[in-house]
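Taking the form predicted on its own, here's one chain by itself in structure tokens.
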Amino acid sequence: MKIMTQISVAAFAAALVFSLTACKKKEETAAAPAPAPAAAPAAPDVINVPVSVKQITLSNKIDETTKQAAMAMDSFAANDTIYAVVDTIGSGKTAIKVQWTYHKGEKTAQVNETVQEIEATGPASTEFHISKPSGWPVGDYQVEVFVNGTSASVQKFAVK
């Protein structure tokens, strides 16, 4: 009986040590501080850089206040007014020119060319548009944006 008691006490002690060790490991895991989040990369300074085109958005409607396209589109109806909203970053006095062209096979015809001088002080949107009351011929078109005389971006679209 004495041996059974000693075995029972030893088993109890081992179980106690095991459970305390297991609890301690859980506590250590729970108590360990979470790693600090990685620092977000610094945003480029979009104000103190030369003006460049971020994107061109084509639409048949714009918000007159914000000059933002209502919905990006790549095809238009023959009687649509076609807007090109040129989003730029950077700062400085800049000439933005858009050149609209019609393409049929190997032939290209210029539809319109417009230049706007802007004094950018950071991100900006500049709106250009074309319209033709008698309707645009069905086919392929593109608008090319130039910044200070250098081609910056091309956006293709269709009239259906």
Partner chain sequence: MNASGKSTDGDMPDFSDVESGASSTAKETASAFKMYTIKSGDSLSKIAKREYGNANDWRKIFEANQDTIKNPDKIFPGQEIKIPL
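Residue numbers count along the first chain shown, from 1. Computed from a predicted structure; not experimentally measured.
The form predicted in complex with its partner chain is left out here; the points below concern that form.
Novice: Taking its partner chain as it sits in the predicted complex, is Lys61 near enough to touch it, meaning that at least one heavy atom pair lies within 4.5 angstroms?
Specialist: No, Lys61 stays farther than 4.5 Å from its partner chain in the predicted complex.
Novice: Are any of the heavy atoms in Ser131 no more than 4.5 Å from a heavy atom of its partner chain in the predicted complex?
Specialist: Yes, Ser131 lies within 4.5 Å of its partner chain in the predicted complex.
Novice: Residue-level question: is Ser52 within 4.5 Å of its partner chain in the predicted complex, judged on heavy atoms?
Specialist: Output for Ser52 is no: heavy atoms all beyond 4.5 Å of its partner chain.
Novice: At 4.5 Å between heavy atoms, is Ile118 in contact with its partner chain in the predicted complex?
Specialist: Residue-level check for Ile118: yes, a contact with its partner chain.
Novice: At 4.5 Å, heavy atom to heavy atom, what parts of 104-127 sit next to its partner chain in the predicted complex? List them in sequence order, or say none.
Specialist: Going through 104-127 in order - heavy atoms within 4.5 Å of its partner chain in the predicted complex - the hits are Lys104, Lys107, Thr108, Ala109, Gln110, Val111, Asn112, Glu113, Thr114, Val115, Gln116, Glu117, Ile118, Glu119, Ala120, Ala124, Ser125, Thr126, Glu127.
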